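One chain comes next, on its own, written out as structure tokens in the form predicted on its own.
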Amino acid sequence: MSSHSTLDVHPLYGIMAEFATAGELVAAARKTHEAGFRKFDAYTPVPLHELDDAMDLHDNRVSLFTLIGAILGGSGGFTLASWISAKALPLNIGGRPLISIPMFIPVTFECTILIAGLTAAISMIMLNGLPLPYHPVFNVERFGAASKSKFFLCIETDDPKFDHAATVKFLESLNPEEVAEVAR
């Protein structure tokens, strides 16, 4: 029986290329996706909305969870207000109905917004895998420039198309400033 850990099987997290400009990174990300790589990420000092299209990142799960949260929040707020008005504390004042839809609109609206906002924040945090106090890309010496002026693209070893030599050759064909291995 072998006692190999995941570290023994894949000592690398991936291969990282460094680029000088945002345009070079977006072009590299587009070529990487076109080459068939799917498990790769880009790191930039500024938000680049073009990367979403270049990397084909169109995940609508946060939107879906937010919609579900809004529906549950609105229906929960209306149900709570109706229950209080009709069952828990019924007050018949001037012959008005116990359940009056216009009276519950503010409560329904506020509960919709509250639960949708909380659901959006919590689902975004969880789907992004946060909190993440350590990431293997921090092992690359030059990666500190990712928060100042440099742009990085990392292809992970978990990608089905990953082959060490072929991936290094592919990244070098994108004309980066440097290609480095990312240790776990």
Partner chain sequence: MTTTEQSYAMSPQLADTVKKYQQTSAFVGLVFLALTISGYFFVGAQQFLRAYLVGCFFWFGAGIGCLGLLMVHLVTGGAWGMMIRRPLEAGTKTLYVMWLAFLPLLLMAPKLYLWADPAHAADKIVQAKALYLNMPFFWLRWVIYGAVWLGLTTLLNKWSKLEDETKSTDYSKKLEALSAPGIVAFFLTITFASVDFLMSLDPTWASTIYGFMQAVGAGLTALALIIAVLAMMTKYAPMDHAVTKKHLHDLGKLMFAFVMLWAYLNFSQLLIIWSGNLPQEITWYIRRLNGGWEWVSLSLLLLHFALPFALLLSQSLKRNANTISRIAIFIVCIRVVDLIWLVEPNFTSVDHPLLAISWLDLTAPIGFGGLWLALFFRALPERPLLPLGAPDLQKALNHGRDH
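For clarity, every value in this text was computed on a predicted model and none was experimentally measured. Numbering follows the first chain given and starts at 1.
Keep in mind that the form predicted together with the partner chain is missing from the display, and what follows is about it.
- [ ] Indicate whether the partner chain has at least one heavy atom within 4.5 Å of a heavy atom of Asp158 in the predicted complex.
- [x] No, Asp158 sits far enough from the partner chain in the predicted complex that none of its heavy atoms falls within 4.5 Å.
Open item on the list: Even though the partner isn't displayed, in the predicted complex is Ile105 close enough to the partner chain, meaning a heavy atom within 4.5 Å?
Closed with: Contact with the partner chain, yes.
TODO: Classify Ser100 as contacting or not contacting the partner chain in the predicted complex by the rule of any non-hydrogen atom within 4.5 angstroms, answering yes or no.
DONE: Because a heavy atom of Ser100 falls inside 4.5 Å of the partner chain in the predicted complex, the answer is yes.
Open item on the list: With the partner chain taken in the predicted complex, which residues across 107 to 126 come within 4.5 angstroms through any non-hydrogen atom?
Closed with: Residues within 4.5 Å: none in this stretch.
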